[in-house]
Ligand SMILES: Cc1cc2nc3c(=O)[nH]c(=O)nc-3n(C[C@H](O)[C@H](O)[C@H](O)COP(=O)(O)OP(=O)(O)OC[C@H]3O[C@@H](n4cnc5c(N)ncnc54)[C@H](O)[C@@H]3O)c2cc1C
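Taking the form predicted on its own, here's one chain by itself in structure tokens.
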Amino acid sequence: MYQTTYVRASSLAEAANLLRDNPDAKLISGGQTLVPTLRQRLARASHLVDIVHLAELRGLTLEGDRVVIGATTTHAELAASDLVRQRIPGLAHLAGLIGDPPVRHLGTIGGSIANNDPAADYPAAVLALNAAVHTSRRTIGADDFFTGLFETALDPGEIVVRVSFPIPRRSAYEKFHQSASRFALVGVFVAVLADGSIRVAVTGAGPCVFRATSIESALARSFTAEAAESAAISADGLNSDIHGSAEFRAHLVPVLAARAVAQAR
């Protein structure tokens, strides 16, 4: 690990100023990805700006027809929340599937979506539920937030403050996980939004989370597991590694979508 300076920010404004004044500084909340990366010298940070304790970034609240979740809310807190379990059960179920207990009690939703690991779980929920990501500067819609492999629409120094999820009619998440890391080899989130529209988001299968439009179209005609499983998914551009080929991932997508539909029903 390279030498770095640890700073415990006293406010969101101080954290933003530290990032502005130190271009090589990095935010840390749960640190479940950042700390191992720094230990292996795969990244270098002049400063580590700790924001996990900031009151502005915490909380789980109901605001009209949306569930609003602070960026430093941990996976365990989200999974155990009665509000989330009642209003968006698919999201609570997803949070409970992440990693192991130590990871769930330290990792945060804001850190996960800002990192945008191609095998992370939350991006599928954010995209399928058409959530809004509120930052220290603006609000970014789900369709515009995830832009590529470990890339998002966040500008340098921009901080995720909270994520607001519209309450759907139905929601469910299913994943085929890697047994060692428990990351998603493929994960599929199915949501029926309040207006009746259907969104299906896939993580783990490609370099970045994406919507499975062929499955969405099939479910719009018939919201059944059989319809989801009958939709074709191309292997072109999907990930292929020691854990599974692109063709295997393409096969898994409709299978997991069918399971999610059955759960949502």
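Predicted model, so just to flag it, every value in this text is computed and none were measured. The first residue of the shown sequence is 1; numbering continues from there.
Although not depicted, the form predicted in complex with this ligand is the subject of the following passage.
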Exactly one listed stretch (124 to 132, 187 to 195, 151 to 159, 77 to 85) reaches within 4.5 angstroms of this ligand in the model of the complex by non-hydrogen atoms, and it is 151 to 159
Exercise. Quick one: is residue 182 in contact with this ligand in the model of the complex, heavy atoms, 4.5 Å cut-off?
Worked result: yes
is_contact(residue 115, this ligand) in the model of the complex, heavy atom dist at most 4.5 Å: yes
4.5 Å heavy atom contact, residue 28 and this ligand in the model of the complex: yes
Using a 4.5 angstroms cut-off on non-hydrogen atoms, would residue 97 count as touching this ligand in the model of the complex?
yes
Contact with this ligand in the model of the complex, heavy atom within 4.5 Å, among 120, 163, 92, 142 goes to 120
Checked 33, 214, 239, 224 for heavy atoms within 4.5 Å of this ligand in the model of the complex; positive is 33
Near this ligand in the model of the complex, with a heavy atom at 4.5 Å or closer, the residues from 166 to 180 are 175
